[in-house]
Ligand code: RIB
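Just one chain follows, in the form predicted alone, and it is written as structure tokens.
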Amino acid sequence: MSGQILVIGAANTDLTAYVDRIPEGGETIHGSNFTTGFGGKGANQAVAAKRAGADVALIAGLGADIFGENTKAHLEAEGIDTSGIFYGKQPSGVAHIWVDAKGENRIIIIPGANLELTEEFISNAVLQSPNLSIVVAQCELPQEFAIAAFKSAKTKKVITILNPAPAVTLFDELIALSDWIIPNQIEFDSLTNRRTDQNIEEQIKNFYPEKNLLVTLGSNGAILRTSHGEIIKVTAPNTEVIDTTGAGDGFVGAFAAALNAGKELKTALEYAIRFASNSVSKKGAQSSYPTDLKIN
């Protein structure tokens, strides 16, 4: 399998403030730095998969503004197929991000033109994609968008990967259409109503056992459970954490690229963790993704 990866998701501009600590309600503090960069879960995962060595296309919505123009130019410079970009009447999406001294972040997303995508547009874009092998979606946009993409993907018999982020209550139809479900630990706990005193491995074994499940655990690595019940655990390397923004998206994109390249699951998991761990040592989302860790 080495066809094209198609990602459906938001493309935003990240407006990031770096502070020693997150301010309390009603409090004003000084920050140490401010950056403008490219983000959005869909665009992040597309860029990560491309930098990992895959052929990638993106379906997203942009506004007719400077943010939209810059985003499209950036995606094309990365080598991503932008024929699935939809131009709406609203402004392009933005994300306001606060990053504290420990590298932890708080994010507010205004999706803008991303929400002007339609199920028909998405479905047609998937159906018209040649040499398609994997379709990836998240929950930053309405689940109906992911369902439309995955329904069309199933008619082409390609793999579907759902990253249920941010955490939401998933529609049964979306779960049914997903071959892979890849949440982080917080998202997994939300999906399963898991208490922190409950064994996460037992929960992983029992969560939709007919699906392939991969739960990322931050600095503790990740646990993968196949639809046949096989469990694979991989730890993460020790890394100086500067900024965790976009690390989960980097993991998903890199893992999709490794699957697309036909790598064994443990190899794919190890590679995705290495890719994401590398990214947290640098500031930003897409700007932090390595260019020298290709899977092939």
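Each residue number is its position in the shown sequence, starting from 1. Note that this is a predicted model, so its numbers are computed, not measured.
This next part talks about the form predicted together with alpha-D-ribofuranose, which is not shown.
Only one of 95 to 103, 128 to 136, 201 to 209, 76 to 84 places residue heavy atoms within 4.5 angstroms of alpha-D-ribofuranose in the model of the complex, namely 95 to 103.
Using a 4.5 angstroms limit between non-hydrogen atoms, K50 is distant from alpha-D-ribofuranose in the model of the complex. Contact annotation for G253: none of its heavy atoms lies within 4.5 Å of alpha-D-ribofuranose in the model of the complex. alpha-D-ribofuranose in the model of the complex is not approached by L170, whose heavy atoms all lie more than 4.5 angstroms from it. By the criterion of a heavy atom within 4.5 Å, N260 is excluded from the residues contacting alpha-D-ribofuranose in the model of the complex. Within 4.5 angstroms of alpha-D-ribofuranose in the model of the complex, the stretch 12 to 50 places a non-hydrogen atom from each of N12, D14, G39, G40, K41, N44, taken in sequence order.
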